[in-house]
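Form predicted alone, single chain, as structure tokens, below.
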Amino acid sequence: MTARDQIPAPRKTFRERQFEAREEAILEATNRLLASKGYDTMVMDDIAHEVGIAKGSLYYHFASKEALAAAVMIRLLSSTRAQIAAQPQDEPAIARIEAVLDWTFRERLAGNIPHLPSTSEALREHLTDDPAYIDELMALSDEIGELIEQAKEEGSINPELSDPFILYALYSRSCDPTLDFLKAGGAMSDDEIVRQMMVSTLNGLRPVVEVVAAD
């Protein structure tokens, strides 16, 4: 280690810390509003009111509603990757997939995961043109893809199912509105909703067991 390596990073100024804290508050508020109101009905005035700042201050941090939604999505992808990394490496791959799926369902039920419509052309274009978003999405897809391959090798996922199919199936279930309908209905607890979502999702991925009829 050189003397240069031992030099501590310069401390952030109060203004820099204040800027970062405000940006985090903006992202938190946007995440809540996207989860509760949705992208189409959320406006910048809503976010400014939620944070308690002037709308003009929002544009000092983010240039547009699309940029804000992209930042929230990057944050969500990063949090999901952190959940994958937190799983014990000696656990079977399917157990790690289950743990991340369970976390995703519970975050959805808690209102911590935003709903972004695929019908918004402006948002789609912004996300496609955002290198940070693409990098996080590709990294997450690669990490889940590795778990899928391991689970197939371990015999816990049907090898007849293609890796892209399984990946998109997991993505789609994490956005499944069934969670919202069951939560709104109030007839089931969060634990029961998660349990049934887990069973219905994972049973479709398991290897097919052939039953041999007795003579």
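As the structure is a computational prediction, the values presented were derived from the model and not from experiment. Quick note: we count residues from 1 along the sequence shown, nothing fancier.
As for the form predicted in complex with the DNA, it is not shown, yet the points below apply to it.
Proximity of Arg22 to the DNA in the predicted bound form falls within the 4.5 Å heavy atom cutoff.
The shortest heavy atom separation between Ser64 and the DNA in the predicted bound form is within 4.5 Å.
Residue contact with the DNA in the predicted bound form: Met42 places a heavy atom within 4.5 Å of it.
In the predicted bound form, at least one heavy atom of Thr13 sits within 4.5 Å of a heavy atom of the DNA. Comment: the DNA is not present in this chain, but in the predicted bound form one of Pro159, Gly52, Pro164, Gly186 has a heavy atom within 4.5 Å of it, namely Gly52.
Remark: of stretches 54-62, 171-179, 149-157, 186-194, the one touching the DNA in the predicted bound form is 54-62 (heavy atom within 4.5 Å).
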